[in-house]
Every structure is written in C-alpha cells, then in structure tokens.
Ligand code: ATP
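Next up is one chain by itself, shown in structure tokens, the form predicted on its own.
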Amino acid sequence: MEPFRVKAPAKINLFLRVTGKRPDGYHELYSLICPLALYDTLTLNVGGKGIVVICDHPGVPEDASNLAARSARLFFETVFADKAPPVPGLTIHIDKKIPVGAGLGGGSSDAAAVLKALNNYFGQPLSTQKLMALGTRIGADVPFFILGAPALATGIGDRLDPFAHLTPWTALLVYPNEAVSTAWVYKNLNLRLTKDEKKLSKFHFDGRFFNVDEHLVNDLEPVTEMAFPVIKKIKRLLLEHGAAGAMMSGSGSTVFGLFADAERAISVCTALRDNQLNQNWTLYVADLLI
C-alpha cells in the first residue's frame, strides 16, 4: 500500500495554573493551550508485521516506548480486537522538527497524528470522543492534539473546552537546547513555594478574553528556572526586543514571545540568531493556529 504523510503541530500553553495534586500523584491543571504552525511530519506505511518507528533524531526512541508506536498499537488492539488475525503492521517515519523535551508537546502530537491518521485510513471506526479516550491512555496532551484547536484544559489536562476567542499572534520560540523532564519538574513542584502570589492575585480569567498582560502565567516556570536559569535570560531578551509578553511553555525549556506583527517576530528572530552569544539556541517563528 502507498505510504501517506500527516503533520503533527506543536503547542504552547498561554497560561498554565497548577490547582492541586490528586491522590494518584497527578496534578490538576487549568491551562489555555494553542497549536502552532511548527510541525513534525510523519510518513505512515500500513503493512508488513509489527510496528516500526524510524527517526534520525537522537532524542527520539525507535522502540515500543515511542508514543507514536504506542498509539498505533493501542489503536490496532482496540479496532481489531474482535477480528481474525493478522493485525496490520505499520512503519512510522518521523521527520522531527519540534524539539524534544521542550514543552511543545511533540511526542504527544505525533501520537495524536497517528491515531487520527489510522482512524481515517480504516474508515473512521472510532468517534472523536473514543479516539480522545484512547489518547488519554497515552498521555495527558494527546486528546488536545486530537481536538486540534485552542482549548481550555482542566483535570490532568485531558478535559477540554474549545476556546474560540483568541486573536492572531505570532510566536517567536527560543529553545536553549536543554531537554527538560516533565516528571522532574512536577516532582520538584511545591505549590506554596513556586507560585508568584503577586501575579496570581491578579489572575482573573473570565473564560472568554485572553489578555497577554494579565494571563501569561506558568506555575511550572519557577521550578524549571531553578535548574535552567537561561529561561529568565531568554524572557528578558524577548521583552527587550518588543514581545508583548514572554513565558516558558509547559514544563520547558522553550520560551516564547508573542508578537502582533509577524514581520517583527521574523526580524527579532534574525537578530537573535546573529548574536553569537546565542549560537546554541534554536529559534522558530510560528503563527498560533486559531
């Protein structure tokens, strides 16, 4: 069968509040998440035996632990559970553009892209809700990428309400080539010590209007900054270069600046790339997908 390609977008958290910790160890979140026009490209080839992942990025596992492979396996186990063998095989080639361990959701997006692609390929045997339920078993961000639109996320990030009120922004993303473990960040999160009380006291989100000055808050940022102080430096540079606001995305280490003018974002990106002090950083300019 002919291989086919699908795109998997990145995401940023426009705000991320940690509202509590559950008995099972997971944290309760309140976050506004938006997809970005920065993509991994996956080429899928249905056939053969087993699930094979091919990726030349050293940070991407090619074994069964890969989230895209896990999502394919879960899809096949669900859809073909009552059918006679053999279960289809699948080869997944990942052209990785979203940095790894960056707070941009690349692995979860790849997993969601595989679930959606296989569901379409086999005639949509699963509803969107069932597909999102499968995604939750892979990772908390996977249902968001299946939804594929800005959303307010609650629970562990898996309960989603579409958010249709964002205005256009262009994000300048700066990845300092420091991979961050999300598990490490949450392990070191202390609700009482890491919250910026002054900022949070002003945080009043009415569920409708996102305001950069008031709502750009990330409760995980102080934790990640302890190990990666470069995050604070990047935020300062982005603001000095005219970003309306700057913040770390997710658990980091990517920092984004929001620009109303795409040309300005591109100009700042060029200026920072030309600065030899920042030669180890990777920069991207991407529109919010609203």
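In case it trips you up, residue 1 is the first one in the sequence shown, and so on. What you see is a predicted model, and the numbers here were worked out from it, not measured in a lab.
Quick note: we don't show the form predicted in complex with this ligand, though the next part is all about it.
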(request) Look up in the predicted bound form whether G101 has a non-hydrogen atom within 4.5 angstroms of this ligand, and give yes or no. (result) yes
I94, heavy atom within 4.5 angstroms of this ligand in the predicted bound form
yes
- prompt: Applying a 4.5 Å heavy atom distance criterion, does S31 contact this ligand in the predicted bound form?
  reply: no
| query | Would V60 show up as a contact with this ligand in the predicted bound form if we use heavy atoms at 4.5 Å? | reply | yes
Exactly one listed stretch (23 to 31, 61 to 69, 239 to 247, 225 to 233) reaches within 4.5 angstroms of this ligand in the predicted bound form by non-hydrogen atoms, and it is 61 to 69
When this ligand is considered in the predicted bound form, the residues of 135 to 169 having a heavy atom within 4.5 Å of it are D141
